[in-house]
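A single chain, nothing else alongside it, follows as structure tokens in the form predicted on its own.
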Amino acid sequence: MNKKEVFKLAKGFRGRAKNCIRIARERVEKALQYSYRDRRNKKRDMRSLWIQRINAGTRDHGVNYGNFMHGLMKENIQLNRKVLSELSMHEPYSFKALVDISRSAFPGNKAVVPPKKEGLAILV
């Protein structure tokens, strides 16, 4: 990489990393390594976020994430995690319909009844 390209990429860096060629070259090289790595990590992080959102939506209806996805797979519903997370946030009725379909397809998806509150709640 020639000097002109290095300084162009080092624009905005702090201290001598923006105007001293030897330091700028090292910092630019490291910055390019970070950007390469983080383009892949970004995909991982987004998938993890989608799974968390789907899990939160399914637990509202008494099903956990793994059983929900297994039920969808058995019913051959091929929606990706990105779409499912958007449905769980913005279309709760549509998402509930998917949860019901998943529950009927997989026997492990029985509705979980929350425990009754006893003790101090009775006295109040």
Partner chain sequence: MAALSLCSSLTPKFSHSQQNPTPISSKFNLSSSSFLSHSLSSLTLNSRKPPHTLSFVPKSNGTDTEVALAEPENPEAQPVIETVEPKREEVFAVVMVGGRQYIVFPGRFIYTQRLKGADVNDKITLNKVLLVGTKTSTYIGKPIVPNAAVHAIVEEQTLDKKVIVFKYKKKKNYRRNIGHRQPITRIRITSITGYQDSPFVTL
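A quick note: this is a predicted structure, and the numbers were derived from the prediction, not measured. We call the rigid core whatever largest set of C-alpha positions still superposes within 1.5 Å between the two forms. Positions refer to the first chain, counted from 1.
Below, we turn to the form predicted together with the partner chain, even though it does not appear here.
Flag M69 as yes or no: does it have a non-hydrogen atom within 4.5 angstroms of any non-hydrogen atom of the partner chain in the predicted bound form?
No, no contact at 4.5 Å.
With a cut-off of 4.5 Å between heavy atoms, is L79 one of the residues that contacts the partner chain in the predicted bound form?
Heavy-atom contact with the partner chain at 4.5 Å: present for L79.
My question is simply whether L87 lines the interface with the partner chain in the predicted bound form - judged by any non-hydrogen atom within 4.5 Å.
Taking the distances in the predicted bound form, the answer for L87 is yes, it comes within 4.5 Å of the partner chain.
With the cut-off set at 4.5 Å between non-hydrogen atoms, does L98 touch the partner chain in the predicted bound form?
Residue-level check for L98: yes, a contact with the partner chain.
Along 1-28, which positions have a non-hydrogen atom within 4.5 Å of the partner chain in the predicted bound form?
Read in sequence order, the residues that approach the partner chain (within 4.5 Å, in the predicted bound form) are M1, L9.
Superposing on the rigid core, I want to see if D45 changes position between the shown form and the other one - specifically a Cα shift of 2 Å or more.
No, because once the rigid core is superposed, the C-alpha of D45 moves less than 2 Å between the shown form and the other one.
L9: with the rigid core matched between the shown form and the other one, does its Cα shift 2 Å or more?
For L9, whose C-alpha is compared between the shown form and the other one after core superposition, the shift is 2 Å or more.
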